[in-house]
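Take a look at this one chain, the form predicted on its own, written out in structure tokens.
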Amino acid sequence: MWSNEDVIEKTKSSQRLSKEILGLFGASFLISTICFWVLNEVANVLVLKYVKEELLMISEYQLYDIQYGILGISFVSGIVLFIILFLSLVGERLAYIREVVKGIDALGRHEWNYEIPLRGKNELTELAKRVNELSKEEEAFQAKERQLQEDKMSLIRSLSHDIRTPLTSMMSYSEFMRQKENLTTEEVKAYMELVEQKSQQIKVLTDRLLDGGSRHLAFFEDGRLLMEQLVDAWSAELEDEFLLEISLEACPAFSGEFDVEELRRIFDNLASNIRKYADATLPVQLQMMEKDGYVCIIQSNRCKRLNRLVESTRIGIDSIRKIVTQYGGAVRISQMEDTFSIEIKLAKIKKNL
């Protein structure tokens, strides 16, 4: 709501240009009138002086005709001077109108960086200011729109990659079951449970993809137990193919809010990269500890001689980094010769007493 003072100020500002033009009109008229009067008086004086000096004999009517002629010439000269003065003084405003029009045209062409210079304090200045503000707002809106689109595509790439990880595991389990003969009932049940877990994970990730990446945080009093369960699931996927060295002794007791599916995606991406690039003849290390007040996950392995980390450093690791960032953590990658290591500072959380 505008106050009475705001309304009065708005009314005054809306009359600035008209007052300026009226002032220019008055100044031009005053100057022209003065020039008309001076020219008429000077011309009359000069004519009378010339008649006296030359001793010319003219009648009173002829003198009136001369004076009327001088008056007419002076009047026409005053009008011409008025038009020239007024147009020259108003010309600056007209030129500024053209600049404002150029700014509006630039806005229509989506040239957001074009800025109209601000001159004076009238309606044209206010219009130029509003056009500049609109241009900046539209530029900010377009930048935000582009960022949202980039975030959307990044989310789609990340979740699509993470959906493929449990899907690959399901395919591996199915292939293993098909090739292995004489499976016991317990083995079949165990593999079917793993397949069911992965299918549920795919469903959850698909739902999140459709929901725009919504998070589901829950408070865990025993965060260490949660991490042990995730590590157990991670080792179950890899133990048939790799020699695993797991150390959880240094992991402190802690509590905090976590999205279980996000944490599972971290371990799934680690497992996916191990399958693709780790040397299966050498151990894969995973340890959890406290570092700088963070619960830290450190995983390292030797790389295959003919394979280097390519995709994992773009999509899988990037997915881990985005998840960890949401918890206020950080990811550090280290690769020296054939050894790959990733340090995940998951979250700075409160320890259990």
Partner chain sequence: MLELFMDPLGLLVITFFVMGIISVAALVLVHFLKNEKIKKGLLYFLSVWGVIIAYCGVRSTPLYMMDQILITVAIGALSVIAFLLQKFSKKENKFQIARALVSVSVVAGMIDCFMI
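Positions refer to the first chain, counted from 1. Rigid core (definition): largest C-alpha set, two forms, superposition within 1.5 Å. Since this is a predicted model, take the numbers as computed values, not measurements.
The form predicted in complex with the partner chain is left out here; the points below concern that form.
Checking Ser77, Ser160, Ser235, Asn132 for any heavy atom within 4.5 Å of the partner chain in the predicted complex turns up a single hit: Ser77.
In the predicted complex, the partner chain sits within 4.5 Å of a heavy atom of Ser88. A residue is said to contact a partner when one of its heavy atoms sits within 4.5 Å of a partner heavy atom; Ile84 meets this definition for the partner chain in the predicted complex. Proximity of Met289 to the partner chain in the predicted complex: non-hydrogen atoms within 4.5 Å are absent; the residue sits far from the partner.
The partner chain is not shown here, and in the predicted complex it never comes within 4.5 Å of any heavy atom of Arg305. The partner is not drawn, yet in the predicted complex one stretch among 30-38, 294-302, 323-331, 280-288 has residues with heavy atoms inside 4.5 Å of the partner chain: 30-38. Along 61-77, a non-hydrogen atom within 4.5 Å of the partner chain in the predicted complex is carried by Gln62, Asp65, Ile66, Gly69, Ile70, Ile73, Ser74, Ser77, in order along the sequence.
With the core superposed, Gln299 shows a C-alpha displacement below 2 Å between this form and the one not shown. Relative to the superposed core, Gly328 shifts its CA atom by less than 2 Å between this form and the one not shown. Taking 2 Å as the criterion, Lys203 does not count as shifted between this form and the one not shown: its C-alpha moves by less than this amount when the rigid core is aligned.
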